[in-house]
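So this first bit is one chain, no partners, the form predicted alone, shown in structure tokens.
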Amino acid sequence: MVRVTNPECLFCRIVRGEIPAAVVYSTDQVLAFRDISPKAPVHVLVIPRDHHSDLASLAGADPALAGALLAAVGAVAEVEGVAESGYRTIFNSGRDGGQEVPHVHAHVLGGARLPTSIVP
């Protein structure tokens, strides 16, 4: 399978093994690894191995991969032991939405009671 990657993309470089990451879940379609600046006791990023800039782009280009990404979020919650107690999933899109890396990724946060609102 030929992967769609971006040579300058941080997450594509992680997928290619050029940058190390603390991997917690991996399939042929997705990769999940610990955030280097965690905002909760559990903070894992879940990404498709193929490069798509944001969630809307992924959903439009490859709905099956978007489904695999969402399924991986649930699998990560199980692996990390937060599925029963609860967790939050966040997708940031675009600069104004807080997206820092232009490769679609889900944040899975848990392991403690999270604030009910993140809006200031």
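All residue numbers are counted from 1 along the displayed sequence. Just so you know, these numbers come straight off a predicted model, no measurement behind them.
Absent from the display: the form predicted in complex with adenosine monophosphate. The rest refers to it.
Contact residue in the model of the complex, from Val42, Leu45, Ala77, Leu69 (heavy atom within 4.5 Å of adenosine monophosphate)
In short, Leu45.
Do Arg34 and adenosine monophosphate share at least one heavy atom pair within 4.5 Å in the model of the complex?
Although adenosine monophosphate is absent here, Arg34 would touch it in the model of the complex, with heavy atoms inside 4.5 Å.
Contact label in the model of the complex: Val23 to adenosine monophosphate, heavy atom within 4.5 Å:
Output for Val23 is no: heavy atoms all beyond 4.5 Å of adenosine monophosphate.
Does at least one non-hydrogen atom of Ile14 fall within 4.5 angstroms of adenosine monophosphate in the model of the complex?
Although adenosine monophosphate is absent here, Ile14 would touch it in the model of the complex, with heavy atoms inside 4.5 Å.
I'd like to know if Ala112 sits close to adenosine monophosphate in the model of the complex, meaning any non-hydrogen atom pair within 4.5 angstroms.
Taking the distances in the model of the complex, the answer for Ala112 is no, it never comes within 4.5 Å of adenosine monophosphate.
Using a 4.5 Å heavy atom cut-off, indicate which stretch of 23-31, 77-85, 90-98, 56-64 touches adenosine monophosphate in the model of the complex.
Comparing against adenosine monophosphate in the model of the complex, the contact stretch is 90-98.
Suppose contact means any heavy atom within 4.5 Å; which members of 56-75 contact adenosine monophosphate in the model of the complex?
Residues within 4.5 Å: none.
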